[in-house]
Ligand SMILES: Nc1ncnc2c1ncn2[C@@H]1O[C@H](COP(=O)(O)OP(=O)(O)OP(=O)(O)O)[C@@H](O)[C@H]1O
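Only one chain is shown below, in structure tokens, and it's the form predicted on its own.
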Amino acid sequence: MIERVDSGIRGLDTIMYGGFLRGAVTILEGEPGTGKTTVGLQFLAEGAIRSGEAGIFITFEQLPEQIYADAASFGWDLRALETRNLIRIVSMEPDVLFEQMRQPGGLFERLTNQLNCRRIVIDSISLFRVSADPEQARASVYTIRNILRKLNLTSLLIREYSGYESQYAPFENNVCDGIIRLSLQPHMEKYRKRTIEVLKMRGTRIMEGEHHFTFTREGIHVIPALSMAEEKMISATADMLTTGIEGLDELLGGGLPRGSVFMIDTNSKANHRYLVMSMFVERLKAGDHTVSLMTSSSTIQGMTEISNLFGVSLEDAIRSKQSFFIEHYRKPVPEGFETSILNVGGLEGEEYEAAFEEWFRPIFLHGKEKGKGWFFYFDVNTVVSERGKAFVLRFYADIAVKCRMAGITVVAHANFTELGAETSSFLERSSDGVIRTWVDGKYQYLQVTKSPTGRMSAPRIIENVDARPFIRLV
């Protein structure tokens, strides 16, 4: 079983999906003033305080008194931790450290054994470059890494980083298990932002990209990217409905909350059919009732064929009054299915809404009496093309409110780009969640850009597979 080590830094463990791996040797790099020493001190201090894990801070350039003072500004009393044999601050020259680490029974080995040391920070290994030729420096870092691994010490090796190095990979980064980079960048013209990025971490997933961090009175606080204020009213109490797509359920925190309203935004090249059909057939399999507002190109026959691929008989669902449809166009209707279809073609605005209410309310109440849930698929683009934007905005908002009150789960589809910024913004505000899928080059992507849990996701690639549900997120 893989053992994780808490970094002691709020938000950083989230980015690394649980923390450092026990015994990993990680480069912590950044330009002067980015917070490298503070990260190292917090890693040791919080490890000692929270987990009782002893640690050593080795510094080549600073005196212990300065380290004590820096730590005290965040509330870490290193002297008190030293009296409990949980922390040691050691100041020495790089060549002395290297000599002692290589010597069996030397100062380094005696110190780690005396403390039962589990964590170590070395500040900074950049001095090995100054005191030796490149080959010797590389050999020194390689040897240090091997010794730290042998002793199973979870280690942070601080390294000075400059943007000029971006054209090549420093040798230190090639020999270590992980790389974390701290940066200080311009922000909104007048300000600067601090970011942290895990560039590499063997043996664990990482949240890609830069994440903001800030200094607080308790130390460094990392705010993972794509994080927003959480809407707890839905997520705390809702029955989560699987989408049938494991990766999407994961991004949504378990699935679609029952009674929520979700929008799927696609560009003109993206195929959303299997995404929607997976949600649709999952509701049928669970015994829920469904209503589908059809597009100009969709047919009951076509939906039946795809449902069969998913192992569900849509024909049986229609005959048993489990599945219903709204049509704007005159299409052939299979015999016996007429009462399950509401045709609203040619109806004016008020007639449209009245016909929908008159048709839907009895079948909804009948389903509710049997304890069945409801799933409503709504194609916004179709209504816009037939009724105009003004109508769809009023109708969609009304449908969203009524369905939430009735516990009906809604999944709607629209192309935000074609609808324009104002209409798209309204639809997004009226929805509890937004799932965006688009094609860029040779790949189709999916991203949850709004959710009831308040979290956005990183983009995932949609991969076609042979088994149900025929797509997966990578």
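Small disclaimer: the values here were computed from a predicted structure and weren't measured. One rule holds for the numbers: they count along the sequence shown, beginning at 1.
From this point on, the text means the form predicted together with the named molecule, which you will not see here.
**OP:** Classify Tyr142 as contacting or not contacting the named molecule in the predicted bound form by the rule of any non-hydrogen atom within 4.5 angstroms, answering yes or no.
**Re:** No, Tyr142 is distant from the partner.
**OP:** May I ask you to state whether Ser431 is within 4.5 Å of the named molecule in the predicted bound form, using heavy atom distances?
**Re:** Contact check for Ser431: no, nothing within 4.5 Å of the named molecule in the predicted bound form.
Original post:
Does the 4.5 Å heavy atom contact test between Gly35 and the named molecule in the predicted bound form come out positive?
Top reply: Contact with the named molecule, yes.
**OP:** Give a yes/no on whether Phe215 approaches the named molecule to within 4.5 Å in the predicted bound form, heavy atoms considered.
**Re:** Yes, Phe215 sits close enough to the named molecule in the predicted bound form that at least one of its heavy atoms falls within 4.5 Å.
Subject >> Listed residue (Lys331, Arg138, Arg258, Arg194) with a non-hydrogen atom within 4.5 angstroms of the named molecule in the predicted bound form >> reply: Here the answer is residue option Arg194.
Original post:
Only one of Glu422, Glu31, Glu65, Asp440 has a non-hydrogen atom within 4.5 angstroms of the named molecule in the predicted bound form; which is it?
Top reply: Exactly one residue meets the criterion: Glu31.
**OP:** Please determine, with the chain shown alone, which of 422-430, 406-414, 440-448, 36-44 has non-hydrogen atoms within 4.5 Å of the named molecule in the predicted bound form.
**Re:** Checking each option against the 4.5 Å cut-off leaves 36-44.
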